[in-house]
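The chain below stands alone and is given in structure tokens; this is the form predicted on its own.
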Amino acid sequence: MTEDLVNVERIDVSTNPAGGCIEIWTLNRPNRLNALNRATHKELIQACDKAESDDSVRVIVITGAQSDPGDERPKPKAFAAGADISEFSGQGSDDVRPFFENNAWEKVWNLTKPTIAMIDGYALGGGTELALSCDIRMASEDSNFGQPEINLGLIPGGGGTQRLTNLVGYGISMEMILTGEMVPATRALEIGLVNSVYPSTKLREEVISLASRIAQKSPYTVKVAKRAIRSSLDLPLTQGILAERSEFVALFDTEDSSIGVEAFLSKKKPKWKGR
């Protein structure tokens, strides 16, 4: 029996409506530094489909498995050290195009539920791109980021040239992609590539704490908020303001907006309905 390449863990949290959970997806190829091969992409896509249709899933955390420190030759820590380059050998454009047109980076990016990348170790190439596909990135002090595709005569193909530039700006994106050099966690925090940096021993605790706080909000309103924020990446400012206004006004017809307002006025904790 083959081992899953993406392990799914569910953590129950206190939510309204009741029964909500956080899902933690762990890339499970530690001996290959969790390199993203085709099979891993397939399992990530399947996990996305299941989570999207499961109302109990409120927040998704993506991380990488670590090798056993007791191994004779333990591997370095990694979130995902890029694509599995062995699958590129002998490939032409017609061979790789179908895969890159149906990949996990876009599937994660298009999830309507909030996503957090929990990065402890190397996040390189496709690994950085997977982190960029998430809404929030939280890293350990031991993490390193990079888009080293230039060293293979390639460029990022999982959204790196676009999402990295949107996140850190034109000049820094150019520097990272054209040199292929790694960026340590402290620098990643400075340039806005990650939201926060913690010691490795504290990272999971801090990620789950943040995910739990998000999970306790109205799941419907969280979805609308994510959609509105995402529109800022595609729309000019004036159109984005109009889109936000439309989303805001429409929320006044939902049960949760009434519940939230009344709970605030009566100084009680809101009991969301999720609609």
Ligand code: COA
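For every residue, the number given is its place in the sequence shown, counted from 1. Just so it is clear, the model here is predicted, and its values are computed rather than measured.
Just so it is clear, the following notes concern the form predicted together with this ligand, a form of the same protein that is not shown.
Using a 4.5 Å cutoff between non-hydrogen atoms, Leu124 counts as a contact of this ligand in the predicted bound form. At a distance threshold of 4.5 angstroms between non-hydrogen atoms, Ala51 is out of contact with this ligand in the predicted bound form. Put simply, Pro184 is far from this ligand in the predicted bound form: not one heavy atom of it is within 4.5 Å. Within 4.5 Å of some heavy atom of this ligand in the predicted bound form lies at least one heavy atom of Lys75. Residue Ala81 is the only one of Met176, Ala81, Ala188, Met138 with a heavy atom lying within 4.5 Å of this ligand in the predicted bound form. Just one of Ile208, Ala35, Ile60, Ala47 comes within 4.5 Å of this ligand in the predicted bound form, counting any heavy atom, and that one is Ala35. Annotated contact segment (heavy atom within 4.5 Å of this ligand in the predicted bound form): 148-156, selected among 162-170, 148-156, 190-198, 107-115. Proximity of Asn31, Ile85 and Phe88 to this ligand in the predicted bound form is complete: all three residues have a non-hydrogen atom within 4.5 angstroms. Contacts between stretch 193-232 and this ligand, counted in the predicted bound form as any heavy atom lying within 4.5 Å, involve no residue at all.
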